[in-house]
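Below you'll find only one chain, the form predicted on its own, shown as structure tokens.
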Amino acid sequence: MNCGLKDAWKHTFRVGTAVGGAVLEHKEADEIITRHFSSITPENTLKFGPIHPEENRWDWKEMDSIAGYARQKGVVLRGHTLVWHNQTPSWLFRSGSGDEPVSKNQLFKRLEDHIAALTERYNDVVYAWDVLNEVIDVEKGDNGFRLSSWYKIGGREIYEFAFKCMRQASPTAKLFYNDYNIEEGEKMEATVRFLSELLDSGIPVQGVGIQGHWYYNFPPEETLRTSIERYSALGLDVEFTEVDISAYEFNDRRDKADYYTSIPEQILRQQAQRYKELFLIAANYPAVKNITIWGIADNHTWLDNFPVAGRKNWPLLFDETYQAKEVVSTLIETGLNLSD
């Protein structure tokens, strides 16, 4: 079957993957991207710390390589990510070279300058920006917001400013809020409230990214349907932005002696079922615009070191040798049948 995932599902949504610059140097990875994916997300390269490590120094090399690859291949980029509590350089929140915290106005200006530089360089190939990433914290936060340096210095206003500034700098890209565990429960409710308030205030948020770091036995179908319906009811696009289906539950098999040496067949079947359910459910909702798998093949996945360092995982659609798992042909066939 010569048809890839992107073509099988082109009438419903984009199918994307996450990449690092080094991954693109592998022939096998390039072949998979070329055949199967119509969007790519820089896994780490575009985050604030890696690309802007010092106030007057940028590291463009890897991101330029990824953007150039996207242009060459005719795929689009998700701009991931701007405001996040992790992978931020220490200079960003300091005043000059001292230990004094930066002023609120100065932090706003630094964010504005950062956005201006990124958009000037990549606007032509980025179709969507994750403007905010993981700013909701219903357990330890303040009024539902994570107590990050962004929030402590800039307050809620910096979140609104980020969207406004990005809209001015990138008039045509879709602007997203992106987070994990927002498909159910108290965190979903807090996210819906936040996004509703932004929209009511005229803030140009246009989509929500549900990350989708899930397990072979989660989520159930109803959870996915409910989350899509809640966010799409706000008039927002929905994208599943960082999908990987772990062979382990979060607290499962923490003892090294219990690690799997390969993914058990039963779990592989359940993993495939989760992927198929996601694609089929998403196809029922026009608001869903993209499903991005968080990596190309099982030889490179962040889950090999999270939440347990050194515990091998197999959460993706292609195995450690870049061979398609059986679920890939199932997804292609399913997508083609839906488009008939």
Ligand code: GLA
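The first residue of the sequence shown is number 1, and the count goes up from there. All figures in this text were calculated on a predicted structure; none of them were measured in a lab.
Omitted here: the form predicted in complex with this ligand. The next part is about that form.
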Within 4.5 Å of this ligand in the predicted complex by heavy atoms, the stretch out of 228-236, 107-115, 207-215, 263-271 is 207-215
With a cut-off of 4.5 Å between heavy atoms, is residue 43 one of the residues that contacts this ligand in the predicted complex?
yes
With the cut-off set at 4.5 Å between non-hydrogen atoms, does residue 134 touch this ligand in the predicted complex?
yes
Hey, in the predicted complex, does residue 58 get a heavy atom within 4.5 angstroms of this ligand?
no
Touches this ligand in the predicted complex: residue 52 (any heavy atom, 4.5 Å):
no
Thinking of 47, 80 and 294 as the candidate spot, does this ligand come within 4.5 Å of a heavy atom on all of them in the predicted complex?
yes
Checked 87, 168, 95, 201 for heavy atoms within 4.5 Å of this ligand in the predicted complex; positive is 87
